[in-house]
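Given as C-alpha cells, the chain that follows is alone and in the form predicted on its own.
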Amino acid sequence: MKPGTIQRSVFSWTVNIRRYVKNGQPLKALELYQEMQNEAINPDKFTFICVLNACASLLALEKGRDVHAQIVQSGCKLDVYLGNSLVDMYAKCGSIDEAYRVFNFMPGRSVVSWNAMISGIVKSGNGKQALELFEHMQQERIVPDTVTFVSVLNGCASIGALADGRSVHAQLRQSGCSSDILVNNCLIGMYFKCGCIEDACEIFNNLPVHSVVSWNAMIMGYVKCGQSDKAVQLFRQMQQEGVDPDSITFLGVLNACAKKGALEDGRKVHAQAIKSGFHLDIMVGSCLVDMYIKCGSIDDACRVFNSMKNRNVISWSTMIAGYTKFGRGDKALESLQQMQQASIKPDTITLMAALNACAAAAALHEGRFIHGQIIHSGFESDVFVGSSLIDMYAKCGSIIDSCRVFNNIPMHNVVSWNAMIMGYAIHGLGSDALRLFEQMCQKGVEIDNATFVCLLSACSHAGLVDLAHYLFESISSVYGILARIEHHSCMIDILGRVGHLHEADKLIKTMWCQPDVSVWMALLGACRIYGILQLGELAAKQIFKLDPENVGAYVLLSNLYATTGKWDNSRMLQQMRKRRHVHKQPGQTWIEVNNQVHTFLVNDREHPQIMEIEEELKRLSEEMIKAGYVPNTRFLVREMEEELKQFSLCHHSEKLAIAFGLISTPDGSPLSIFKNLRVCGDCHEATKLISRIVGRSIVVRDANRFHHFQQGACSCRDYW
C-alpha cells in the first residue's frame, strides 16, 4: 500500500464486488477481487459468496476451484449460504460430481441447496437423476418452491417423462404454486415436449392473463411438435389481442416459417421484426438468414446477412451452410475466410458446414486446409467433426484419408460408422462396407435407419441384389426398425438398375406408406435405361403430381421418349418445361490442377487452352478408334446428323476435362475429375479406353458415385 493511502475495509471491497455482480459485470467483479488480494485484504464469507456468483455467471470453473481452495485455506466455516454458492457454481459450470461432493458435505441444506443441485443436474441432461433427487428432497421434508417445480418440470420435459410430469402437476395444485406464471409456462412446455398438446392448450386457456412468455411457450411448443401452421396462426392471434412480440417470439415464428417453407409468411414476419426493431437482435437476424435459406431464397438470406451490424458464430455458420445447400461451395469457403478475418472463431458447427462445402465442390485442397484448422482448434477428437471429415475425404475421392480419420476417432458413434460405410458405398466398395457393418454389430453399436440407407446404397453401387433383398427384409424382421420411404427408394433403385422393373413396380404397390418423389424417380431412371415407355410415363405422371417443377423428371422422360423414337413427345415435353420456366441444370465437369479449379461445359470454347485441349482430344480419338472405339450416339437424345452427334459426344464436358488434365499434369500421374450429373455411357466407355492408352489412373466422381478407371476397366464393372 502506498504511503498516505487509506486502507479500505473488507466490507467496502465486498460491497463493490457485489455491485458489479448484480449489474451483470462478473468479469469486473473478479478483477476487483484480484485487486483486493493484491492489497493483502483477507476476504470473508460474504466476499467469497459474491466471487463464487461471478464465477458461476462466467462459467469460470477453474477460477471457482481456486476460490474454493482459498475458502478451505482461510478456515472459513462451510455454512448453508456458502455451501449453496459453491453448489450453484459447480452445477452451473457443469461439474456435477464436485457439486454433489459439496452438497453431501454440507452440515445443513435449505430449499436453495436442493434447487441448485436439481437445476444443475437438469442442465447436464440427466432428467432421471433430477427426478430421483426431487423425491429424496421430499423424503427429507424440504418443501419445494416455484424454482424447484420449474427445474423438475424441465427435467420431465427433457426425458419425455409424462407420468412424472403429471405427478408434479398434481403436487403443484396442492402446493399453492399453481398460479405462478413461470411454473405454468413450464407446464405448457413440458406437455408439448411429451406430446400432450391438449393438456398444454388447457393450461394456456385457463391462465387469467396471457403474458408474452405464455404466448412464446405455446408458439415454441407448436413448432417443436411439427405444427408450424398453428404456431404462425397463434402469432397472429397474439398480436390481435394486443400483446407485443419479443425476440423469443420472433425466433419461434421464424422457425415455424422455416420448417414449413412458408416464404411469404416469413417475409411478413421479417417486416414486423423491422417495424419493432427486433431485426437488429443478433439471434433474430441469424434466424432470418436461416428462414430464408430453408424457404429457398438464398438472395434474401444474403441481403439479411449483409445488413447485420453484428454477426456471431451462429450467423456465419448459418450462411456457410446456406451457400453449401445452394451449390455455392466457393462462396461458403470464402465466407469462412471472411469470418476468421473478422476474428470470429469457428466452432464445430462452422467447421462441419465448411467441410460439407468442400465435399460438395470436391475441393480436396481446401478440405485438407480446414482439417489442419480442426487439429489446431482441438476439435479432431469430436466424433461429429470426424464424421464430416470422413464424408469430405470420401466425396473428394480420397477414401484412404477417410479410413485414416475413422481409425483415429477415439470414441465412435453410429454417425461415424454410417459415414464410413457410405464412403465405401460411393466408391463401389460393397464388401468393405459390409465388413464394417459386421464390426459395427460386433461392437454392439445401435443400428439406425441411416445405417440401412448406407448399406443398401453400397449394395446398389456394387450390384449386390440378393444381399440387398436380405438386408431390406431384415430391417424390420431382425432389427425391429420400420422400413422407411428412403429404404424403399434404395431397394427400387437396386431392382431398377438390374432391370427387375416389374418387381420394383410391385414393391411400390405394396409399400405401407405413400411413395414420394425419390421412389418414382428411381423407377423412372430405370425405365430410361431399359427403354420401358409405359411404366416410365406412369412414374413421371406421379412425380409431376407431387412436384410439378421437378426438372429431373422432365429430362428423364424426354430422354426416354427420344431413345424410344418418340421425338414429337420429347420436343413437346421440352417446350412444356421451358413454358413453365423449369430450368435444366447444365452438365459441367471440373478438375483441380495446381490448386486451381477448371470448369468445363459441353462444347466449351471458353478455356484459354482450348486449342491444345482439342489437339489432345483429336489425338485420343485416333488412338481410341484404332483400339476399336465406336461412338455410341444412343446417349445423345437430340435430333441431329450422325456426324454432329459424334462431334458433340467428343466434346462432352468430362472428355474436355480429361484432355486438359492430360496436357497439364506429368505423365503417369493420376487424374481426378468431378461431374455434377451422371456420367453418360459413351464417356464411360471412352474413359476406360483412355486410361489404357495413356497408362494413367482416372478417377471420376459423378452425381451418383466414384468410378476408378485403370488399364481399360472401371471399378463399377460397367454397373452404375
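What we label the rigid core is the largest C-alpha set whose atoms superpose within 1.5 Å from one form to the other. All residue numbers refer to positions in the sequence shown, first residue = 1. Here the structure is a predicted model, which is why all the values come from computation and not from measurement.
The same protein has a further form, the form predicted in complex with the DNA, not shown here; the description that follows concerns it.
**Student:** Among 327-335, 548-556, 80-88, 411-419, which stretch has residues with heavy atoms no more than 4.5 Å from the DNA in the predicted complex?
**Tutor:** Looking at the partner contacts, the answer comes out as 80-88.
**Student:** If the cut-off is 4.5 angstroms on heavy atoms, which of these, 255, 184, 451, 387, is the one near the DNA in the predicted complex?
**Tutor:** The residue in contact is 255.
**Student:** What is the one choice in 49, 36, 690, 683 with a heavy atom within 4.5 Å of the DNA in the predicted complex?
**Tutor:** Checking each option against the DNA in the predicted complex, the one that comes within 4.5 Å is 49.
**Student:** Since only the chain is shown here, I'm wondering whether residue 213 would be in contact with the DNA in the predicted complex (any heavy atom pair within 4.5 Å).
**Tutor:** Contact with the DNA, yes.
**Student:** Though only this chain appears here, would residue 566 touch the DNA in the predicted complex if you measure heavy atom gaps against 4.5 Å?
**Tutor:** Close contact is absent here: in the predicted complex, residue 566 is far from the DNA, nothing within 4.5 Å, heavy atoms only.
**Student:** Can any non-hydrogen atom of residue 246 be found within 4.5 angstroms of the DNA in the predicted complex?
**Tutor:** Residue 246: yes, in contact with the DNA in the predicted complex.
**Student:** May I ask you to check whether residue 283 falls inside a 4.5 Å heavy atom distance of the DNA in the predicted complex?
**Tutor:** Yes, residue 283 lies within 4.5 Å of the DNA in the predicted complex.
**Student:** Would you say all of 115, 119 and 294 touch the DNA in the predicted complex, counting a heavy atom within 4.5 Å as a touch?
**Tutor:** All of them do, each having a heavy atom within 4.5 Å of the partner.
**Student:** By the 2 angstroms cut-off, has the C-alpha of residue 401 moved between this form and the one not shown once the rigid core is superposed?
**Tutor:** After core superposition, the C-alpha of residue 401 moves less than 2 Å between this form and the one not shown.
**Student:** Taking the rigid core as reference, does residue 93 move its C-alpha 2 Å or further between this form and the one not shown?
**Tutor:** True for residue 93: a C-alpha shift of 2 Å or more.
**Student:** Note yes or no: does the Cα of residue 527 move by 2 Å or more between this form and the one not shown after the core is superposed?
**Tutor:** False for residue 527: its C-alpha shift is below 2 Å.
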